[in-house]
Structures are given as structure tokens and as C-alpha cells.
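As C-alpha cells, one chain now follows by itself in the form predicted alone.
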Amino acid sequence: MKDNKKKFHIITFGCQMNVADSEMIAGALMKLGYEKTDSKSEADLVLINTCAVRTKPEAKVYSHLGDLIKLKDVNPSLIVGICGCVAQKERENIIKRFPYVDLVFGPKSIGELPRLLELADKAVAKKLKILSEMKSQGNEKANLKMRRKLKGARIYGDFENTGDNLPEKDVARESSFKAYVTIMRGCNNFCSYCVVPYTRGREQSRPFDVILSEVRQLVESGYKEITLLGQNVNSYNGGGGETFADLLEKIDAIEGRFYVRFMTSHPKDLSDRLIDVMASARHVAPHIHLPFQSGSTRILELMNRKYTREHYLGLIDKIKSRIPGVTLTTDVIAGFAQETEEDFNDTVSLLNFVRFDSAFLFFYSEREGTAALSIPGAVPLETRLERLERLVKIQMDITFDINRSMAGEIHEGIVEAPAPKSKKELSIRTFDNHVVIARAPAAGIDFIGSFVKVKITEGFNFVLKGDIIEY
């Protein structure tokens, strides 16, 4: 019997927040009776969930949209939608450049999806009626030309929506052992280079008890790793005065065997109490991702980061002295407006002094609508790229040294997936956030999602090698 269920396919770009949003969208669609498919050509609905933080992901979005017109030629009833940050930021541009897009909505309009799809279905049905009349004329070439010119359903979400109606309970999680839990949305920081406050809106924290209940249910359901998400988790406010440190402390008190991670921290809001909670926690991973962006206080002021080089280094000193075996990662931007060689050298010296386990390194990318566009003194692109290359070389040497020094250590971790280059090996993420590749200790056993202990044997630039000694 033929399956008459409508199918959907989601293409996701960007950070963990976007992945979490896609899981929420998938859950909402399944509740409406849709079925997930890994094939775009089988889908009745294709959604591209987008990221606007940097230029490259946004360019990829437009490339995918260009490809989808071919699917529309084959299947005129296909609904094509674009959502996420690019949809919020570039909706007018999308409407002009891609008239066949049927559905456009921002991150805060996911709760509107049932209504939007109902409207899109009606509009597409009307469009198909027009196409049927065109086909009856018998000129297939003309029909193809007209199909491509025919506008999409053109259904839009409420771009001023506050996001209060997001379907947080209807999440279709990609993993059976790892879960993302969004604790807050939006951002109040307005870093001068960043579009997030304009695409995701101002900060909104989810209720304290709701988050605790959700995490408790996940642990009881067998989830072994929970990642708390927010643009700036450190500024979480539960509504009754509860802080992020309070939330971590309460989650850590939940019984069970699980890890808790979180992304991302802003240095200006990282409190001494949060550091102390992490130091004494059982379940909270000893890993902090703490973007510093620039080692120059002058550039940090231009970036509107609201902390100094000295404040950041003071935080690092507290973290290292209070949290044993902590793993530190960061974000850095090379070539921001007015960055001199002296400013850049401040960044180099901070990178060398702190010795992060790894870092996400980028050259400055201008984003329309941000305050940084009005700052004079743009650094030439070739200089930005050259500085980025220097940072990459420095960080690779540091990471290699750290990884090599870990040989002989024993770490607990969770098996995440088969190793990318060998079916006989497994990829393990340790409690302190290192990736270890190790040979499966026994054949015929599914280790994915299992806790293991691994002894590190070798360290390389991007991964560690090891042997599983307990499972």
C-alpha cells in the first residue's frame, strides 16, 4: 500500500542553536503528520534553516536555493521554504531573487508553522490549477518557462513575533543519547560586528522549572549528554532571580549518569559563582568556550565587547586555578576595523599566553546592518587573511603540543560515532571535550552512545589516538 504521508527534508546551516531549531521544526512537522526523508527529491516540503553570522554560510544558502528550482521543475507541488537568521535578515532580498520560494519565516516564528503551512498548501493548490491550465495548452517549453516565472506561494511568518509560542515540547531529536536544550534565546550585547540581536531579537530566558523538568526527563529517558544552549548563557535569568550558576547547580543535583555541557559564555558575565559551581560539579563538563575575539583592549572597545584584555586574563586565571583539568576553547577575529599590527600582536600574545586547547579562528567579515560598518579604517582583505593564517599556525602548534602531552592519560568519554576514516575505529568525546579515535574493543557490539574509558596513546593536531580500556 502506498504511503500517503507528506515528507519533509531540512537542510541546516550554522551553530548548535540552528540544529536545535531544526529539531524543533522537525518535531512540529511530525506532529502535523509529516514524515522525515533524507532525500530532497522525495520531499513534499524542503526547508533551509539558515545562519547569517558570517558570509560563507549565507552564500551556501543561496546556492542551495538556486538548486531547488530544478526540483520545482520536476515537482511543481513542492513547497520550498527558508527559515532562520538569513530569512529574518534578508527576507526582502529573498523575495526578489527567488520568486519560487513559497515560505519565509524567522527563528521566532517556528510556532506559527501549522498556520503557515496551511496557507502555503492553499496557495500551492491554486498555483497547480494554473499550471494544469497551462499544460492543457500543449506547449511544454512554454509551460516550463512559465513555471519558472510563476511566483511561489509567498507565505511569510510574523517577523516581529516574540517567540513565546515556540513548540519546545515537540522536539524530534537527531540523537538517542545527546540532546540540546535551549535555555534562552536572543541577545542584548550588540557586539558591533554581529547580526544576532537583529535576527534573533532580545534576550528571553525560558522558565527555570521548565528547563529542570526537561533535563530530568531527558536523563530518565536515557540521554547521556545534555548541552544547554543560549547566545550568552551567562546572562540567563529564570524570572525569579535564578542565574545560570543556579541552573547548573540544580541540574547537577539530578541523579543519573550524564554529562552537561553549555554554549556559549560571554566574558563580561562569567561569574565567580559559576566557576565555583563548575569546580564542585559531578556532571558538568570541565570545559568552557570563552570567546575573546581580540587581545587588544582598544579593538575590544570598538567591537563593543564590554570587557578589557586584563579582565579576560583575570577570568582565565580564576578558571585554571579553580577547575582542575579544565579545557579552554575560544573564538578569535583577525583584521577587525582599525586593527594595527600592534593590536594584532596583542591577540597573538594572548593566544600564546593562555594556550587554548582549540580555537575557532576567522577573518573579519562585514555584515550589513551592523554598527561595525560605520567604523572607518577597514583592514585590507589580504591583510586579514594573512593575519588569520598566522593565528592558525600558532594555534595548531599549541593544540599539537597539548594533545601530544596527554599521552598516557586515562579519560572517560562517550562514543559518538564510527571514526570517519575507519569502520573498525570509534570516535569518542571525552568528558573534558577532546576527540579520541580508538579501535573498537570487540566485534558485533554497538558502542555508539556508550560510556567508555580510554587511554591516550598519541596526540595529533586535531584528534587524539587511544585504546579503550573499559566499557
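Since the structure is predicted, the reported quantities are computational estimates derived from the model, not experimental observations. Residues carry their position along the shown sequence, with the first being 1.
There is another form of this protein, the form predicted together with ligand SAH, and it is not shown here; the text below is about that form.
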- request: Select from the listed residues P76, G335, P291, G111 the one whose heavy atoms reach within 4.5 Å of ligand SAH in the predicted bound form.
  value: P291
query: Which pick from T227, S205, T243, Q231 sits with a heavy atom within 4.5 Å of ligand SAH in the predicted bound form?
result: Q231
- prompt: Looking in the predicted bound form, any heavy atom of C194 within 4.5 Å of ligand SAH?
  reply: yes
field: Contact of R387 with ligand SAH in the predicted bound form (heavy atom, 4.5 Å)
entry: no
query: Should Y312 be classed as touching ligand SAH in the predicted bound form when contacts are defined as heavy atoms within 4.5 Å?
result: no
message: R54 versus ligand SAH, in the predicted bound form: is there a non-hydrogen atom within 4.5 Å?
response: yes
field: Candidate stretches 248-256, 215-223, 94-102, 326-334 - the one whose heavy atoms come within 4.5 Å of ligand SAH in the predicted bound form
entry: 326-334
message: Residue by residue through 361-375, which ones have a non-hydrogen atom no more than 4.5 angstroms from ligand SAH in the predicted bound form?
response: F362, F363, Y364, S365, R367
